[in-house]
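Next up: just one chain, as structure tokens, the form predicted alone.
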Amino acid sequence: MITVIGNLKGGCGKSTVTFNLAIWLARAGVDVVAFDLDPQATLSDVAEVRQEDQVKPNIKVYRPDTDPEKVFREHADGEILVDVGASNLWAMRQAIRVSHRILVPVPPSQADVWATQRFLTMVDEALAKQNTRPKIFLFLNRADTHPGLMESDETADALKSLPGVEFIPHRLYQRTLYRRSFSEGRAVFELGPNQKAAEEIIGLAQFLYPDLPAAS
């Protein structure tokens, strides 16, 4: 299955989500590879840190200069995660056309809701000549941890009202462990299995892959 993780606005956390999902899948015994089609190459950087530290399982991350069709054929029975950024709109459109589903992380702000709406319009345009459509999932990322702040709930309500998509009820919150995981080349659940960030990522992963056993 090809899952595209993307949105138009930078800073939505797509590379963080892609990396953590890839590690979770690998630890569950799944053949998983990732494509880093974002010129910022954040996913490639964190995978390199992990490789240098010889942390297992290792995650193979392909860059845009790789032949995508060849990789897709070789891993047709596994999982392929594609991290795309708005700075490479051509690659984003191409990834959307071959995807089986699209995962859209949305931070809690009105600007991110507007960016998500424009992204969904771009998805429609990319798929205009195709008979089949990937499933599109939206979820709240970098949500507020303070219970008195309403912006996360307001953003969630706005996302639920968008047509043609499914809203995932699992939130990822704004936590320092996500930043630490990148600097150390490890998924959040590898840094602390009982941490709230670990529970959040695992909940999202199990929603997306309900037939897989929990990663150990």
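Note that residue numbering follows the sequence shown and begins at 1. Fair warning: this is a prediction, and the values are worked out from it, not measured in the lab.
Beyond the structure shown, there is the form predicted in complex with a small molecule, which is absent from this document and is the topic of what follows.
Taking the partner from the other structure, the small molecule in the predicted complex has a heavy atom within 4.5 Å of a heavy atom of T42. Among residues of the shown chain, N141 is one whose heavy atoms approach the small molecule to within 4.5 Å in the predicted complex. Contact annotation: H170 falls outside 4.5 Å of the small molecule in the predicted complex, judged by heavy atom distances. The small molecule in the predicted complex comes within 4.5 Å of a heavy atom belonging to Q174.
This chain is displayed without the small molecule, yet in the predicted complex the stretch 141-149 from 73-81, 141-149, 94-102, 113-121 comes within 4.5 Å of it by heavy atoms.
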